[in-house]
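Just the one chain here, laid out as structure tokens, in the form predicted alone.
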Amino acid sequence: MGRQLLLEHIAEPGIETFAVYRKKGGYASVEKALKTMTPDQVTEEVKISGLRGRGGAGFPAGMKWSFLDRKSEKPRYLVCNADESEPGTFKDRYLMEKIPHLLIEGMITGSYALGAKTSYIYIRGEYMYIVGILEKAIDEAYANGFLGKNILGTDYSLDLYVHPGAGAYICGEETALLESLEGKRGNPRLKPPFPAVSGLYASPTVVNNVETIAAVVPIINNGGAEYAKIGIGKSTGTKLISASGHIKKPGVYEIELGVPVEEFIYSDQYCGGMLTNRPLKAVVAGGSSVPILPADLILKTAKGEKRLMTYESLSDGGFVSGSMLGSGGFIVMDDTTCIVRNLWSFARFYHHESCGQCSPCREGTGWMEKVLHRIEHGHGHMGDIDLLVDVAKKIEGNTICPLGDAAAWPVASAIRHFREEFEYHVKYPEKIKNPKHFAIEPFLSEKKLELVN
């Protein structure tokens, strides 16, 4: 299955406890960093590794760390974004639930590199049971001298806290997260200033995803250069993928970046192929916010090359024929899937989760939900299809945070690749109103659409 850096010991009985985690080599990166490396050397190893943010944006983590204003006299903070709310993504939950000390170790090592004396794990409100798991692990770390005053006898001290949110997708955006952490309404901030200069409590702050921070542990243990040898090109290391949908083996997989998409879907070591062996219709590769791709384009690029599980390969072709690796929420759909119904479900989510601060997002997400509801329930008009495209264009790029883009991209890509399906809903409303689950087959040779019995 390839090299396992984060999930290597995930099945070890008792790995959630300090004793077992320590026995398996846990907290070695903290010892190495604090006793043999300077903070700048830790940051440099992360830069050398080529690690990119695993929360969706894919920005180089080491570069983000280097932007931190180290000349400021204000305290510095490392904040972990554990507000995992992207539909289709559940890898961070798995990591925190099964091996919480890995995240805590990464937080300590990362905080040392940044010079943070206080750090936070901001976790989504729906993960309340994981708050207890994390706090128990943090208490164990304090009891064994890895948190608190003068860690391991050095002059470095760190306090770590878990802060649950109230269940808002918008708080996955780093500045909205910081607003919430400060006790305010979770509205995204205008940038600049960026968090690296003015973040939590107007102080220099780095916000990283759970998986990103956990990956710091093997990077420091093995060296950035060794980590960079895994993967392809600028997509280095391993990546956790949340696989769901019409596959035989849904779950969380750690892959070496560069695995062909076809192998990931059909290989027994990963998804195990299509459930009930029906044909593949489409895939949402990186969570609900990324463009959907039909079967032919998710398996191969527009150039006819094998599509790989990398940032570059999945985005090859731009939004016309490509997608994004995003947060790794890999949703597989067979030919019984109704694309319109799926898109309407996504649109309902984004309308509900919009904070309402920006007019294009506040109004546009509502319009997209209404129009998709109309089409899906047999009341649509042909003009509605182009109306959806127009509304999506007016949202994209016109909001403070990326939620507007996240709502617009699925709509634009679904219509681009499956327009005939939207037209079918408009032409045959009497069939669409049938409450029985239905789906629309791809075009037959006669260019006709038929319902699946």
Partner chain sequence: MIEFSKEAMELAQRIIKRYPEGKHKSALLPILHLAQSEFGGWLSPETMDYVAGILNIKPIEVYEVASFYSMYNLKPVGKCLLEVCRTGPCLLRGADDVVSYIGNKLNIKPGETSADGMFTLKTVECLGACGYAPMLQCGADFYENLTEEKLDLLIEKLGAQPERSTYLKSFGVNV
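Numbering follows the first chain given and starts at 1. The shown structure was predicted, so the numbers you read here are calculated from the model rather than taken from an experiment.
The form predicted in complex with its partner chain is left out here; the points below concern that form.
Considering its partner chain in the model of the complex, find the one stretch among 301 to 309, 150 to 158, 242 to 250, 100 to 108 with heavy atoms no farther than 4.5 Å from it. Going by heavy atoms within 4.5 Å, the stretch is 242 to 250.
Do Arg185 and its partner chain share at least one heavy atom pair within 4.5 Å in the model of the complex? Because a heavy atom of Arg185 falls inside 4.5 Å of its partner chain in the model of the complex, the answer is yes.
Is Val131 close enough to touch its partner chain in the model of the complex, meaning at least one heavy atom pair within 4.5 Å? Flag for Val131 set to yes.
May I ask you to check whether Phe194 falls inside a 4.5 Å heavy atom distance of its partner chain in the model of the complex? No, Phe194 stays farther than 4.5 Å from its partner chain in the model of the complex.
Although the partner isn't part of this model, could you tell me whether Leu275 comes within 4.5 Å of its partner chain in the model of the complex, counting any heavy atom of the residue? Flag for Leu275 set to yes.
Heavy atom within 4.5 Å of its partner chain in the model of the complex: which of Ala166, Leu190, Val320, Met382? By the 4.5 Å criterion, the partner-contacting residue is Ala166.
Heavy atom within 4.5 Å of its partner chain in the model of the complex: which of Ser180, Thr238, Ser313, Ser198 fits that? Just give me the one. If I apply the 4.5 Å criterion carefully, the residue I get is Ser180.
Of 343 to 382, which residues get within 4.5 Å of its partner chain in the model of the complex if you count heavy atoms? Read in sequence order, the residues that approach its partner chain (within 4.5 Å, in the model of the complex) are Ser345, Phe346, Arg348, Phe349, His352, Glu353, Cys355.
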